[in-house]
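Encoded as structure tokens, the following chain is the form predicted on its own, with no partner shown.
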């Protein structure tokens, strides 16, 4: 049997080096421009000789008033520049809640509960089974204790108990990690989309830890899965106007009061995907924290598509025909998310992409506008701008779509897929579980850039760019401590139940 010929690699290798050469040339254009100018200046100085240079210097006349005025002007401009320069915002450390094994929900348990709760609706049970088979979730995701009852007991007390469990556990761990005392907290931001009791969750935290009476406290609700980055944006703005301060952000979603017990398929979908979780993050603008901080905030871009009706209603809390409250997920959700992502990366692209990619994108845009509208648009290579990607683990379809649109490799979306598999969709806190996965794998190096992308109801697409401040040692604790050696795992397209 004749052997198959070896693939022709010469042309592809040459093309690769041409592209690398182009990127290097464009990204270092100013350097290449300055080198010959500096060389000409050096040659001219060598040609003149020391005596001629000294004569030229002596021929210059300096007026004392001019020197003083020039010095004052330089000092004034420098002072204005440094005073108007935004404060550097650091992410000192963060902590993710790890559910106990008693809250674990294997597939068999979930389906048994579904059959008992929906015993008169076999088609709804079958629908949930099909969703779970293709969800990308694993056998170790967790639901709060109240959901384990048959039927579930979504009382106010049970919801408060879940909130206290996930928030206080995450905050206790954060205080332990950072050595921060509760009395030293300056700003507190708590975001939880669907559970908004009175007093608020932020007030609950203040009461628990006896925080100062002059603390700046904010409670965000109804902002969806992207609320974590909205909280980061709010913390950044507050830290810009309050010098020498720190801020704690708590991101969570309380599942207990939001477990849908009706029969509408579009509203049963969140039951299959959402799981319990929380994260507590410490941010600071103090210069003394720059040496111990893990990350530095580079950019944060928020995109809101709420003016469009389809976008506004695609994730909508409502009652079904029987009066059961739940979240209705539209069939157009992925298309709407794609449009929001497109608008977001159009804004963030010029801030992060190298000049070579921006030039190619500009040429592609000009070509489509002037010469041929059917010309395929150039998709910038965001892999040149970031080493790590944290894509909101909202579901397998979300991760698949972003991997395809951004042309990412399996390794780039590994953190998102493994977080979905191990913890499920933990809403706004999922980005921090993903970041913890990257750190637990020992992949985070000083200077690495991280892109966090989150989607939320409204409809919103928010993204943050962090730069690693120091090489991070593999943590010995955290949500992945007992299972990181097992990951990554193979996730089949369909898990037959």
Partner chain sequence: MGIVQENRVEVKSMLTAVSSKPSRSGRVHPFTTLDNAMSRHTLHVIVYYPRSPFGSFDLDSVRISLSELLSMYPPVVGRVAKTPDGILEVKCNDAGLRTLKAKVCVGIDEWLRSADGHDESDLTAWEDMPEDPSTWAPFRLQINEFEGGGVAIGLSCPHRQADATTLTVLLKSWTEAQRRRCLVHPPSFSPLPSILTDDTDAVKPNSASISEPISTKTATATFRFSSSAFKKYVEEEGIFPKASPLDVFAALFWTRVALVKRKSHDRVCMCVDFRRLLPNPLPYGFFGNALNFSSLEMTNVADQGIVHVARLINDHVTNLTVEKIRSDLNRVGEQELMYGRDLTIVNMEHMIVEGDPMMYDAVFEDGVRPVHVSYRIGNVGGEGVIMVMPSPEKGFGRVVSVTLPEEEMSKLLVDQEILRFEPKIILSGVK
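Positions refer to the first chain, counted from 1. These numbers come from a predicted model, not from an experiment.
Omitted from view is the form predicted together with its partner chain, to which the following refers.
A.B. asks: Name the residue from 150, 343, 362, 74 that puts a heavy atom within 4.5 Å of its partner chain in the predicted complex.
C.D. replies: The residue in contact is 150.
A.B. asks: What is the one choice in 196, 109, 78, 358 with a heavy atom within 4.5 Å of its partner chain in the predicted complex?
C.D. replies: Going through each option in turn, the one that passes is 109.
A.B. asks: Can you work out whether residue 140 and its partner chain are in contact in the predicted complex, taking contact to mean some heavy atom pair no more than 4.5 Å apart?
C.D. replies: Contact with its partner chain, yes.
A.B. asks: Considering non-hydrogen atoms and a 4.5 Å limit, does its partner chain approach residue 116 in the predicted complex?
C.D. replies: So residue 116 counts as contacting its partner chain.
A.B. asks: Residue-level question: is residue 102 within 4.5 Å of its partner chain in the predicted complex, judged on heavy atoms?
C.D. replies: Flag for residue 102 set to yes.
A.B. asks: Examine residue 262 and determine whether its closest non-hydrogen atom to its partner chain in the predicted complex is within 4.5 angstroms.
C.D. replies: The answer is no: residue 262 has no heavy atom within 4.5 Å of its partner chain.
A.B. asks: Only one of 278-286, 299-307, 320-328, 142-150 gets a heavy atom within 4.5 Å of its partner chain in the predicted complex; which is it?
C.D. replies: Of the options, only 142-150 has residues within 4.5 Å of the partner.
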